[in-house]
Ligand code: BES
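The chain below stands alone and is given as structure tokens, in the form predicted on its own.
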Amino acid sequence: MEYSIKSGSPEKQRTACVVVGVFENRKLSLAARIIDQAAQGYVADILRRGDMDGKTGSTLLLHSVPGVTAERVLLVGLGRERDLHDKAYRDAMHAAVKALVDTGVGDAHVYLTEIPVKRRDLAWNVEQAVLLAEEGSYRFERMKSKAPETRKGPRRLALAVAARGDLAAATAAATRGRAIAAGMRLAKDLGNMPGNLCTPTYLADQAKALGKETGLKVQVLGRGQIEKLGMGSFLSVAKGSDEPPRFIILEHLGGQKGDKPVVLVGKGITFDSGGISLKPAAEMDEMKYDMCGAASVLGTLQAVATLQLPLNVVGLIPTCENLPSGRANKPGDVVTTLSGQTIEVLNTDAEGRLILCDALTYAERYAPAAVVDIATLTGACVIALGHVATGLLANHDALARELLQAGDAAHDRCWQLPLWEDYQEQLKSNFADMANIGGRPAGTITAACFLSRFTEKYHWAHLDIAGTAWKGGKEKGATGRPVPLLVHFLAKRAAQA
């Protein structure tokens, strides 16, 4: 979709559709009032008849409005004016995009971006408009036997700003929004691919293709190289599958030579059966999404390269399958990590931490400024935070604050949980340095406590995206989160640098 930033009066726009807002109690937004005045009260008369009440997300499409150049006017409900918060704005924009898609207009001029939102600015409005427009038009249909019908809906969106002086900030926000949306699309496509096609080798090939497309430096290590490094924990998970493991390394060298990089580590289990600790059959198909951490790293690096952020960023992706076989990890096995620490594997379904720990140790060689790992790690996080917020744990409070603020700015929010030493007690083992699980209580926290034992040499944060990386039900699919959070986090670091 093409985007442009424009200022100008709504009644004079030559377009297929002008989109304006209506508050509760049928109060018109500024752009809607201007249209109503040009139409000599036509819009207000329709609202007085009760065709629309202005509730958040409601829509009403008007054709051939008198005094208006556009072919159509789309009224979108915004809810209460004095309390227009970010969710109401997003709900309204989402409804507008859906109505435009259903109507099949080729282009539209959207005036919702001019409306003040509590605690937000114009740049936020514009970026969210781009993200929601892209989300509304996204479909994953490549696996279907018949070519999908051409999607009707807008090909061009003009996003309105009230003053010409706002054009530069709004244009920058639209550019950032497009880069984030493209990164999310890549992450969603990879997450939605079936596990028989999206294998570790496929992920590695996609990383190589991304490198050629964007200029990222990409290196892929095979089983022999991984073994030579000493990543015994990672390989213990991979050995249960016939699919060979891959360790993917991506580098964006946008900063000064010698600047310490930010390292992103993404969990890449392309299918997780649970191994010998087999999962229940119900909804096991969703375990193809267990590589969404890896997908988010690839999507983020694509956005970083597109935006040409002046920052050094490294992506590390350990990727393999977790399957039961005669070679698979067994409960009670002891494995040796790249760090030299040993792990008693009490549950083979707690495999994500077994591959991440070796990648986190590998990250030490970069002397990183910060390390963030992203993983669909624990079902406990879904119970704690649902599908709204990503779980955040960190060994450095300033880094945690950066991520919290980035999540708020991107509307891709996370919530910090404690990483107190008290929880480490649950990981004690009689037969190794640690166990890979700590029991049911505080499962998200003890998983992070496990990872923290491999991050003592740098500032580190862990994002548990088990509840936010995909959604089930009728709209089942990958969400592309937390690409927006990560891009905002890195863009802020780049700006400060």
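The numbering used is simple: start at 1 and walk along the sequence shown. All values reported here derive from a predicted model rather than from experimental measurement.
Not on display, but discussed next: the form predicted in complex with the ligand.
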Joint contact, Phe23, Glu114 and Val126 to the ligand in the predicted complex, by non-hydrogen atom at 4.5 Å:
no
Partner proximity in the predicted complex: Asp373 to the ligand, non-hydrogen atom cutoff 4.5 Å:
no
I'd like to check something about Asp272: if you look in the predicted complex, is any of its heavy atoms closer than or equal to 4.5 Å to a heavy atom of the ligand?
yes
Please check if Ala70 has a heavy atom lying within 4.5 Å of any heavy atom of the ligand in the predicted complex.
no
Close approach of Glu321 to the ligand in the predicted complex, 4.5 Å, heavy atom
no
Using heavy atoms only and a 4.5 Å cut-off, determine which of Ile249, Met287, Leu235, Leu338 is in contact with the ligand in the predicted complex.
Met287
Contact residue in the predicted complex, chosen from Ala158, Ile276, Ala380, Ala389 - any heavy atom within 4.5 Å of the ligand:
Ala380
Heavy atoms within 4.5 Å of the ligand in the predicted complex: which stretch among 180-188, 75-83, 342-350, 221-229?
342-350
Restricting to 457-485, the residues within 4.5 Å of the ligand in the predicted complex through any heavy atom are Ala466, Trp470
